[in-house]
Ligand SMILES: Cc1cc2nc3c(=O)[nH]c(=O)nc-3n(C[C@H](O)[C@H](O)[C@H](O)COP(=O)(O)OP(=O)(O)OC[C@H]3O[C@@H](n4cnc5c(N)ncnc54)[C@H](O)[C@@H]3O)c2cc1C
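So this first bit is one chain, no partners, the form predicted on its own, shown in structure tokens.
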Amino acid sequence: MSPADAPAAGGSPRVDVVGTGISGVACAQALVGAGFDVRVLDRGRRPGGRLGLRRVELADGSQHLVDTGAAYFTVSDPDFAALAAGWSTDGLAHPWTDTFSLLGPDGPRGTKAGPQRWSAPGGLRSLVERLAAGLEVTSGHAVRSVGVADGMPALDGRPADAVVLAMPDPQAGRLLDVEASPGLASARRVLSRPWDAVITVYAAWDEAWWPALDAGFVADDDLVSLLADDGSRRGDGAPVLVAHTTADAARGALGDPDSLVRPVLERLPHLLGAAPGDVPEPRAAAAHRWSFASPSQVHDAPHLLTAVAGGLLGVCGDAWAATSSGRPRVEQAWRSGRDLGRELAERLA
């Protein structure tokens, strides 16, 4: 091990954060704000994690951005509310709707009011990119394992004072070398809860054929669980629909997500109360697979933080910091990362 690879002796503790979703970025920013040396790694090309973004071509030749991961975010934490207000001022996010349609195989069934949902004209990923400004991020770096080196937790043999895994539990658990430390073996057991998959199908038409709606919860359907009008969500009126499948439907198509494009397109007229024969073919349609989209059961704790050798291992994300609804949320992931960063700063100070 070279001196550059060793944890700082007598200086600021060094923390490696793996994952640039909103929880990893929030954790890293909390640590940087406390004066720590933080390295952020991600196997992707850009920050965002499961706040996925794709493009689809419209009739005029323009490219429309589509959120394929989280459909929106809500606000309750005061610090997160301050972030949202700043994003709104800068034109990065805006309030979208507080009313969703209720849909079923027999068509629309009414509406349901709820919390204010927010969306982002440039996609939810753009909010994470704003949060990541100023961080030292290494993209395209796939971590192989978390073990122990020189008596400290280590990423691929490189020791640090603390390692943070900001990712779904199953992905974090697979990285842990459980033979290297009892702490890693214990963490693997905590991270053993199952997760649900989702396949997102999105399609663009020359013009909208469906009744006006922002989005709809789908009940009593074995294929679609959520449907959103992306032109409404984005604010540009583009004729684009985004459908999230049920976990059961996704589980059977993980090896070939495109196999669900046609079944979902054929289901849309029924959900939206249109005659199937009156619905034109879309000009473009595609699918995106999320093998670990959401936890089937969230943790009661805000994050995991445990001793590994002479250092610490942390795990954060939307499976943690459980809310009263029990549903994972964007704000929940951010809060989990922020709180883990704050606790790490206290423990390492």
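The structure displayed is predicted, hence computed values, not measured ones. Heads up: residue numbers just count along the shown sequence, starting at 1.
What follows is about the form predicted together with this ligand, which we do not show.
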item: In the predicted bound form, the residue from A219, V190, A85, A142 that sits within 4.5 Å of this ligand by heavy atoms; value: A142
item: Residue among R267, R125, R234, H244 with a heavy atom within 4.5 Å of this ligand in the predicted bound form; value: H244
item: Triplet D16, G183 and T306 all within 4.5 Å of this ligand in the predicted bound form via a heavy atom; value: no
item: is_contact(Y202, this ligand) in the predicted bound form, heavy atom dist at most 4.5 Å; value: no
item: Contact of V198 with this ligand in the predicted bound form (heavy atom, 4.5 Å); value: yes
item: 4.5 angstroms heavy atom contact with this ligand in the predicted bound form for L340; value: no
item: G310: touches this ligand in the predicted bound form, heavy atom cutoff 4.5 angstroms; value: no
item: Partner-proximal stretch of 249-257, 208-216, 142-150, 268-276 relative to this ligand in the predicted bound form, 4.5 angstroms, heavy atom; value: 142-150
item: In the predicted bound form, residues of 152-172 near this ligand [heavy atom within 4.5 Å]; value: A166, M167, P168, Q171
